[in-house]
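Form predicted alone, single chain, as structure tokens, below.
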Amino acid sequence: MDRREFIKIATYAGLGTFLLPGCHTARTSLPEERNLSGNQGNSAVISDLIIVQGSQPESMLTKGFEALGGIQNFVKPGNTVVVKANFSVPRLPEEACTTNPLLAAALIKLCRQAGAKEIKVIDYPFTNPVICLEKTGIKKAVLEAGGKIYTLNNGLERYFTPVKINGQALLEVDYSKDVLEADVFFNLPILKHHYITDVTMGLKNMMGLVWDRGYFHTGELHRCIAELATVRRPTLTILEAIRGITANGPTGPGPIQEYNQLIFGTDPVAVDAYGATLFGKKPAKLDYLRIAAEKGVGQLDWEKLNVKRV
């Protein structure tokens, strides 16, 4: 497929005003092979799901970490923390299409209390990144909380590095340097509708860590998402399911469902599997979850885990 054909297909797939260059199924010369398991941070021993009920992001976040033994189980003094939030579309917080800025700010404050050296909040908006940063309210919230925030747009050399995957759909991607180099990687998606995959949660949120996610939409989207999840497992996924749109996703606006839950887990597949049930979907019917589980990324049957409700 040549470049023109790719762009045509990506446009048809509705990728919005920005088309994103750079992801490949093959390269003529491969870079130095990387450790695809990545740095898993300071956790990896906690496998339970924590489900926090409520409507106030700050207190829900605190309760979740308390149930996990405290933020210090994940963040150590001097750590660099990267948070992959979702501010990919220019919507107001009350429109429930992007990560709640209060939640992002609360997470930064906890990380600072734990002694983190640096906390970066990143995303790769597929609409105007400047407007997304401002309108979602996340830039103001993150800066006031003491974190750094930026988009990965227009920064192939600065923000990405090639990583071999050797999957069926992906051989190699240009992946976020920040995430690969971080001591701690928090994935902070929002549960909402997506017009192709039905629902977007943690695994799909990580498409924003790839330079050319547009390629994913040209064919095997579900397999691409699953194979991407093998690059680096988040230290912890915190799925925001307080409020989310149930149609017209991912851009919105759309009808809003109030779930009033935050879901915490070190198993990214289990977190999404539970989230799928909230959205009225059977996890096994979401191909990217099923494939990710088959590849050993996590547990599809979340009910086999020790689930704690707070």
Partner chain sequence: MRLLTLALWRRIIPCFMLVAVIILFWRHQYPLPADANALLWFSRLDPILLLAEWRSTGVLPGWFWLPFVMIAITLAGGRLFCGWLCPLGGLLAQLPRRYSRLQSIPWLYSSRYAWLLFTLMLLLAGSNWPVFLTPFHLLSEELFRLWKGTVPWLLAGILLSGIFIYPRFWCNHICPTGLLLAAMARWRSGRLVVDSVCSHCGVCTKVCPTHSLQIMAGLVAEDCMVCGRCWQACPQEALTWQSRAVKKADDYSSAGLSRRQFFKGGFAVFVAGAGWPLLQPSSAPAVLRPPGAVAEEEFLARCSRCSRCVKVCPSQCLIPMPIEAGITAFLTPSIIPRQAKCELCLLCQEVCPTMAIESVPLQQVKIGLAILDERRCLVWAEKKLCLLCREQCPVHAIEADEYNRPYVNNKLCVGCGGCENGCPLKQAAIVVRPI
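Every value quoted in this text rests on a predicted model; they were computed, and no experiment measured them. Residue numbers count along the first chain shown, from 1.
Below, we turn to the form predicted in complex with its partner chain, even though it does not appear here.
- Here the chain stands by itself, but in the predicted complex one stretch of 78-86, 100-108, 195-203, 114-122, 195-203, has heavy atoms within 4.5 Å of its partner chain.
- For the options Phe74, Phe185, Trp211, Phe126, the one in contact with its partner chain in the predicted complex, meaning a heavy atom within 4.5 Å, is Phe126.
- Note on the partner interface in the predicted complex: the residue among Leu143, Leu156, Ile131, Leu171 having a heavy atom within 4.5 angstroms of its partner chain is Ile131.
- Contact between Thr230 and its partner chain in the predicted complex is not found at the 4.5 Å heavy atom cutoff.
- Residue contact check for Leu221: one or more of its heavy atoms lie within 4.5 Å of its partner chain in the predicted complex.
- The shortest heavy atom separation between Pro268 and its partner chain in the predicted complex exceeds 4.5 Å.
- Contact check for Gly69: every heavy atom lies farther than 4.5 Å from its partner chain in the predicted complex.
- Contact residues in stretch 235-261 (any heavy atom within 4.5 Å of its partner chain, taken in the predicted complex) are Asn248, Pro250, Thr251, Gly252, Pro253.
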